[in-house]
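We begin with a single chain expressed as C-alpha cells, specifically the form predicted alone.
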C-alpha cells in the first residue's frame, strides 16, 4: 500500500473545481476502488455513479487524466507511481454534482430512433435468421451505453448547439444494426440517419472507436457503411439516374390512364391533348450543385469534405495519460 495524489472535480451545476486528496492505493486496484475509499474516509459526500464494477453497465464513465474511460476498468498500475491522477465528469454533458452528469440527451435521442419493425406477415416465434446475419450485427449489440463515444465526439463536445440535430455514435451503431437486420421491415434507415440523426455532421475522426471499452469498430463497421448508403442513394449518379428511369415508367402509366379517350359533343371519341405535358414530365433536369447558405458557405455534407477525416480531437502527438499539469478542466457553465 502506498499513498497517491488524486485531483477530483467537486461541484454542481453552478460552480466547482478540482480538489486534492492524498489516498492510499493497494496493488491491483482500479480508479473506482480509490473513489470508494475516498468516500469512506475523506469525502463521504462525493457523488459518483457505479453499479456492476465489471465493465458491463457503463455507469462509472468519467474522464481520467483527460481521457473518457470507465473508472472500474482503469487500473492504477497504468499510471506512473508518482503521477497525479485527475478525475473529472464527462465534459459533453451538464454536471449534476461532482462526477455525476446528466446524460438524458442520449435517452432522448434513443427514443427518436425508429424501433425494430418485423415483417407483418410473420408472427412472434416465426422469425428466422442465418447465423452469418446474427454475427454481422452482434458486434453492435455489445454496447453497454457508457456514452464515452458520445462525450468524446467533437460534434457534441465542441458544439453543444448541435445536440438537437445530432444523434451521436451510439445511435449510429443502432441504426446500422437495424439497417443490416434481415427481418427489419423498414427501408428508410439510411434516409432517417441523414435527415433526422445528422450523420452528415460526422467526419469520421474515429475518436469514438478509440475510447469504446467494448472495442466496437464504430466508425469502420457502422458509421462509414451507413454514410456510404446515404451517399449512394442521394448523390450517386447511377442510382439517381435509375430513380429517374423508374419514375419515367411510373409517369408513363399515369399518363396512359389520364389521357384516355373522352367523348365529344359530336359523338366521337378523341384523346386528351398532349399540350407538351408528357414531354415536360419526361425531361430529366441536370444535377444541381449544393445550395450556398446565407454566409456564402456550402453546407456540411459527407460529399463536400476535402479529406477522408479530420485530425483527432486528442491530437496526433498526445500520449495518455495526460500530465495533470496540462489539464485545464472548465466548468460547462463558464464557457
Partner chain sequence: MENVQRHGYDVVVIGAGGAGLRAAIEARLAGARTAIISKSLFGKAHTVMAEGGAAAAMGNVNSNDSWQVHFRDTMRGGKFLNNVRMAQLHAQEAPERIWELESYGALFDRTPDGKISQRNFGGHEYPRLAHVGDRTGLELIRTLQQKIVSLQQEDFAGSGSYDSRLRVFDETTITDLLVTDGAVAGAFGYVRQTGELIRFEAPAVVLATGGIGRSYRVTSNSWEYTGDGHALALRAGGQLINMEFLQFHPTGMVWPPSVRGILVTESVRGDGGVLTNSEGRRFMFDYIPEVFRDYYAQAPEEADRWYTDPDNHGRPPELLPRDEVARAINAEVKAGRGTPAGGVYLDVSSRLSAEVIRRKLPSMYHQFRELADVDITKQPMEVGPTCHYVMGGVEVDAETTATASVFGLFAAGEVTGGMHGANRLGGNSLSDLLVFGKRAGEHAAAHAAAAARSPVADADLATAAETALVPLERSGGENPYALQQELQSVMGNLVGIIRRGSELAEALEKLAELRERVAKVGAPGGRAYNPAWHLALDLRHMLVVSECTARAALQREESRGGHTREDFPAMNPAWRQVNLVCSVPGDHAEVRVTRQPVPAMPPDLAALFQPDELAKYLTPEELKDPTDAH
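Positions refer to the first chain, counted from 1. Bear in mind that the values here come from a model prediction, so they are computed numbers and not experimental data.
Just so you know, the form predicted in complex with its partner chain exists too; it's not on screen, but the next bit is about it.
Trainee: With the partner left out here, check for me: in the predicted complex, does some heavy atom of residue 165 sit within 4.5 Å of its partner chain?
Mentor: No - in the predicted complex, heavy atoms of residue 165 and its partner chain never come within 4.5 Å of each other.
Trainee: Just checking whether residue 87 would be counted as a contact of its partner chain in the predicted complex - the rule being heavy atoms within 4.5 angstroms.
Mentor: No, residue 87 is distant from the partner.
Trainee: Whether residue 112 contacts its partner chain in the predicted complex should be assessed with a 4.5 Å heavy atom distance threshold; does it?
Mentor: Contact check for residue 112: yes, within 4.5 Å of its partner chain in the predicted complex.
Trainee: Is it the case that residue 187, even though its partner is missing from this view, gets within 4.5 Å of its partner chain in the predicted complex, heavy atoms only?
Mentor: Residue 187: no contact with its partner chain in the predicted complex.
Trainee: Taking its partner chain in the predicted complex as the reference, which of 175, 143, 194, 156 has a non-hydrogen atom within 4.5 Å?
Mentor: Checking each option against its partner chain in the predicted complex, the one that comes within 4.5 Å is 143.
Trainee: If we check its partner chain in the predicted complex, which of the residues in 123 to 137 reach within 4.5 angstroms of it by a non-hydrogen atom?
Mentor: Stretch hits, in order: 124, 125, 127, 128, 129, 130, 131, 134, 137.
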